[in-house]
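A single chain, nothing else alongside it, follows as structure tokens in the form predicted on its own.
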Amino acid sequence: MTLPKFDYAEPKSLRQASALLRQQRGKAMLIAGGTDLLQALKNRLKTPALLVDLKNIPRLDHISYSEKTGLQIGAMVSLRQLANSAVIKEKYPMLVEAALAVGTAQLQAMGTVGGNLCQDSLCQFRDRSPMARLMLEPCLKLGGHVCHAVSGSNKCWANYSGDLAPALLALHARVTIADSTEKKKIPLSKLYSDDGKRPTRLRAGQILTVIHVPPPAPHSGSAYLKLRLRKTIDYALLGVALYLSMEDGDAVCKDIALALTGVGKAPFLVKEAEQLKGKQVGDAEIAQVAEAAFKQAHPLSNIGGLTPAYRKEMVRVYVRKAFGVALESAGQDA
């Protein structure tokens, strides 16, 4: 299919990019790698009047690391660049796992960190060609008044399935949001709206520019596990990211964060995992966290593949498996 007509701009600064976005009053969109956006344009799911390309804005494609302040990732860093970074391989292997879980090698070469974090939510009742959409009444995400995934709901239940978000949530990441007048740093969790229609809280003119990750603690371990039908291309039907650090020489947990994707309108942290801080991590404690994650997961039939019941049941399995991998990488017996 052909692309719709739109104007195109290549600003040289964040100030210029933000001003262009604000001037269009919601009719402009950012383009980074374009791996998701171009398909949505072809299917007329999005019809912006203007595309604002970020590729010529300086330093958005840089990675830096300090033992004191941690990691900084520019929003225009490609997924392949992230996965190939020596410091990330050494210090943050879970980010490598998550980046390499996205799509194919070609998509990883084009897709960006910022684009992956800000990707749109998915729904098989909406993400189809214009002709196929004629079979259904327009849904909430397309300006209609129904949700085909949850009959009778006045909320859009489109599914968020990004891979980097849960890994970065588990690593306590923060993000810098810039507009034409200021920059502010917020926890990554505050970026997401839990609204399928508009999955991020970014307003017109706001741009995600940098991701900040604190330095890893000693004796730490992590894991990112992804459930999908195929090893490439597929979005996460379930993604589980776990980060933990342990006391030296025993099985007492100092810090822990568990995040899920693919089973709700937004990626989210399982707060019950934090109750393990200062405690021994054994089978019973792991089972309790897995059960809490199971209860908070709400997979629906709005993305193709495995049934919602199976995906929900696999939450327990993947959380337990993630603990085994993370504890082993932290130098503990799983």
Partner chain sequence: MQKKIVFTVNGDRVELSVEPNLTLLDLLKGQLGLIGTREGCDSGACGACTVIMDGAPVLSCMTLAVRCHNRNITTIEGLAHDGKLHPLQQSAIDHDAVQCGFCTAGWLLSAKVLLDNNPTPTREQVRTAVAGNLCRCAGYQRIEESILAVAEGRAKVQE
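Numbering follows the first chain given and starts at 1. None of these values were measured; they are calculated from a predicted model.
FYI, the form predicted together with the partner chain isn't displayed, but the following is about it.
Chemist: Counting any non-hydrogen atom inside 4.5 Å, which residue from Gln72, Thr104, Ser153, Thr176 sits next to the partner chain in the predicted complex?
Modeler: Looking at Gln72, Thr104, Ser153, Thr176 one by one, just Thr104 meets the 4.5 Å heavy-atom criterion.
Chemist: Which residue, Glu272, Asp53, Glu291, Glu285, is the contact with the partner chain in the predicted complex, using a 4.5 Å heavy atom cutoff?
Modeler: By the 4.5 Å criterion, the partner-contacting residue is Asp53.
Chemist: In the predicted complex, does each of Ile88, Ser220 and Lys295 have a heavy atom within 4.5 Å of the partner chain?
Modeler: No, the whole trio is out of contact, none within 4.5 Å by any heavy atom.
Chemist: Could you tell me if Pro4 has a non-hydrogen atom within 4.5 Å of the partner chain in the predicted complex?
Modeler: The answer is yes: Pro4 has a heavy atom within 4.5 Å of the partner chain.
Chemist: Given that the partner is absent here, does Lys42 sit within 4.5 Å of the partner chain in the predicted complex, heavy atoms only?
Modeler: Flag for Lys42 set to yes.
Chemist: Applying a 4.5 Å heavy atom distance criterion, does Ser180 contact the partner chain in the predicted complex?
Modeler: Residue-level check for Ser180: no, no contact with the partner chain.
Chemist: So, Ile31 and the partner chain: in the predicted complex, are they within 4.5 Å at any heavy atom pair?
Modeler: Because a heavy atom of Ile31 falls inside 4.5 Å of the partner chain in the predicted complex, the answer is yes.
Chemist: Choose one stretch from 181-189, 203-211, 105-113, 91-99: the one whose residues place a heavy atom within 4.5 angstroms of the partner chain in the predicted complex.
Modeler: Selected stretch: 105-113.
Chemist: In sequence order, which positions of 227-243 have a non-hydrogen atom within 4.5 Å of the partner chain in the predicted complex?
Modeler: Heavy-atom contacts within 4.5 Å come from Arg230, Thr232, Ile233.
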